[in-house]
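Quick setup: one chain, the form predicted alone, written in structure tokens, and binding and motion questions come after.
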């Protein structure tokens, strides 16, 4: 996959930083992780399956592979669980991930500038579900960065099943590792900001990757104004350990303005529901999901007594 990325990268707007991206990715793949042999074996098994063309048939990213062995493919794909982002369908096999990513995408797509011919960065891409959607929406190059190696192997497993894969790639990198270069037309940060200890640094790093006039698509957890300007969870939020700050929309707008963004627009606010986030047999032994994270007596609050998850989408320009 890295060799394929290298070939396409050299022909794209990313050419000035291709060598650095490849070197950093190879270093990340070279870590000592005892799970890698199992993940690699699963991908080798998946390579024996028939391939097909990728398309988006909501809710699924579909691969029209014929005569696949669904039992063997299921067994292989379950070696690289949990599947958080998706869903996918390979032939007749429906891989129902924890998140219905199509619902978020359908909220985002009507409000952003056209991705046709654009160079796009998907920060915290997970297994590349949205990265593929960006490519299918016309991006000349869609690059996802995701430091969690498991999700990179999930991306590899899906790519293995695709005939003539689009110019969508996921590399095992953190945003702060990205070479400094303002070369992306559109930068997506979806479900990432609240995991950052320093939210202002994250916003600045996003801006640094963007061309002048480029577009930021920011999707993150927010609270209603009635709960204050921001909440800093003392321990967990919806059973998540690494949630550092939940801003109001006004606070989020202020952060973007202070970071130097302009033309800031709020385009959507949606409460997370069990339709969008759900437990499935594709997430492994830990089968808890949104229903387990909320107060059983009042779903307007989390199990910790904080406001239930609500997500906002803001668009801004550099």
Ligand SMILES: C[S@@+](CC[C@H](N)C(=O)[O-])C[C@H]1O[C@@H](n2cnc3c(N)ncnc32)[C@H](O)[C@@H]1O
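Numbering follows the first chain given and starts at 1. What you see is a predicted model, and the numbers here were worked out from it, not measured in a lab.
From this point on, the text means the form predicted in complex with the ligand, which you will not see here.
K.L.:
Specify the contacting stretch among 230-238, 67-75, 171-179, 153-161, defined as having any heavy atom within 4.5 Å of the ligand in the model of the complex.
P.N.:
Of the options, only 171-179 has residues within 4.5 Å of the partner.
K.L.:
Spell out, yes or no, whether the shortest heavy atom distance between residue 130 and the ligand in the model of the complex is within 4.5 Å.
P.N.:
Residue-level check for residue 130: yes, a contact with the ligand.
K.L.:
Would you please decide whether residue 192 lies within 4.5 angstroms of the ligand in the model of the complex, comparing each non-hydrogen atom pair?
P.N.:
Judged by the heavy-atom cut-off of 4.5 Å, residue 192 is in contact with the ligand in the model of the complex.
K.L.:
May I ask you to check whether residue 146 falls inside a 4.5 Å heavy atom distance of the ligand in the model of the complex?
P.N.:
Residue 146: yes, in contact with the ligand in the model of the complex.
K.L.:
Find out whether any non-hydrogen atom of residue 89 is located within 4.5 angstroms of the ligand in the model of the complex, and reply yes or no.
P.N.:
No, residue 89 sits far enough from the ligand in the model of the complex that none of its heavy atoms falls within 4.5 Å.
K.L.:
I need to confirm a contact call. Of 245, 123, 218, 209, which residue comes within 4.5 Å of the ligand in the model of the complex, counting heavy atoms only?
P.N.:
Of the listed residues, the single hit is 123.
K.L.:
So which of 79, 94, 196, 167 gets a non-hydrogen atom within 4.5 Å of the ligand in the model of the complex?
P.N.:
Of 79, 94, 196, 167, the residue with a heavy atom within 4.5 Å of the ligand in the model of the complex is 196.
K.L.:
Can you name the residues of 90-106 that have a non-hydrogen atom within 4.5 angstroms of the ligand in the model of the complex?
P.N.:
Sequence-ordered list has one entry, 104.
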